[in-house]
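Next up: just one chain, as structure tokens, the form predicted on its own.
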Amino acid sequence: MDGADPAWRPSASVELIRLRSAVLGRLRAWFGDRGILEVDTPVLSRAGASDPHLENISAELGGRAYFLHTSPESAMKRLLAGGSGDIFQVCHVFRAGEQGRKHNPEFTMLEWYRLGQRLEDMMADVESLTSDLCSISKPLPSFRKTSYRDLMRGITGVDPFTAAVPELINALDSHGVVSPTGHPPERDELLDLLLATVVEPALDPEQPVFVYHFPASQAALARVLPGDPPLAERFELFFGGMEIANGFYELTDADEQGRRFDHELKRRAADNRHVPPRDDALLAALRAGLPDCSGVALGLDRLLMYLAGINDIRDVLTFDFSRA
């Protein structure tokens, strides 16, 4: 008997499992043609993500707390500092509290780093790879590029670099989006909400678009370009009605990265959220010397959703969270 409970069955069809295999084979060929080394790093880490937008999933071993990584970034940068050269990795990453049509707590990330490349170079890399992968079943049209400022102003009517909190709240209200409650809203929180609920749905799902030069306050692990206003050397790629990739011209200054980590951890504490240990191993690698490089993280499950014309991430996973 096959069993009365259908929960044992895979979430994805056999056809989509084969599509995933074809994509993995194709991407490995793309990296192999460019001499980019595939690496494998630990899933468990002593340090958790400090980013206030992410929530760690913890594990305990021998009475000590560890964290399932939210990204392989830290370990990969330690490899770069150790002399690995250009590298890529396909791995499962974990984020608590992320479950829905575009989110699963465990998902597949492709991440890669190229030495001596700037933001424009990495956007070219992403365009080349995604175009090659999508040619399997759903070729992409020409890519468009726009600055974060121009995109936000064009769709919401507000300047994300100068708008005060009340103006951002009014912009959300005018589009029927309820502002966060329970605490005084921060500008970046409101900007993220505008991007996700107003700007992203307004983009043509069939038109790949790079959005670059985010506010400096959203730099995360990227460098900041001095100026008025200062700009984070960061981009995101959108198509299929989703964010597909996120890229940085990587910060190499350990002191500045340490200040950012400390600021994020203080924010987590102020919100009464779990405060994980700081990633001192990454800071040590930066002090030892991270080469000049750019990096990109790409959501493979979302790419598969686009290729298959599917609107729910569960349908491209072998076993979604409810069947794990």
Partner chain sequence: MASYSTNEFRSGLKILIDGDPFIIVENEFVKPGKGQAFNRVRIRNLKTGRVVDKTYKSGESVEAADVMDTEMQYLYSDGEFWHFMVPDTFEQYAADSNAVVDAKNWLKEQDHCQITLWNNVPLTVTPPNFVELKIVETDPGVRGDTAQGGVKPATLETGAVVKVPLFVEEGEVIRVDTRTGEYVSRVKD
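This structure is a prediction, so every number in the text was calculated from the model and none was measured. Numbering follows the first chain given and starts at 1.
FYI, the form predicted in complex with its partner chain isn't displayed, but the following is about it.
This chain is displayed alone, yet in the model of the complex one of A163, L193, L251, M152 has a heavy atom within 4.5 Å of its partner chain; that residue is L193.
Think of it this way: in the model of the complex, its partner chain has a heavy atom of just one of A220, I169, L140, L225 within 4.5 Å, and the residue is A220. The stretch among 128-136, 74-82, 202-210, 184-192 whose residues place heavy atoms within 4.5 Å of its partner chain in the model of the complex is 184-192. A residue is said to contact a partner when one of its heavy atoms sits within 4.5 Å of a partner heavy atom; N246 meets this definition for its partner chain in the model of the complex. The closest non-hydrogen atom of H53 lies within 4.5 Å of its partner chain in the model of the complex.
None of the heavy atoms of G116 is located within 4.5 Å of its partner chain in the model of the complex. Although the partner is absent here, E236 lies within 4.5 Å of its partner chain in the model of the complex, judged by heavy atoms. Residues of 96-114 that come within 4.5 Å of its partner chain in the model of the complex, judged by any heavy atom, are G97, E98, Q99, G100, H103 in sequence order.
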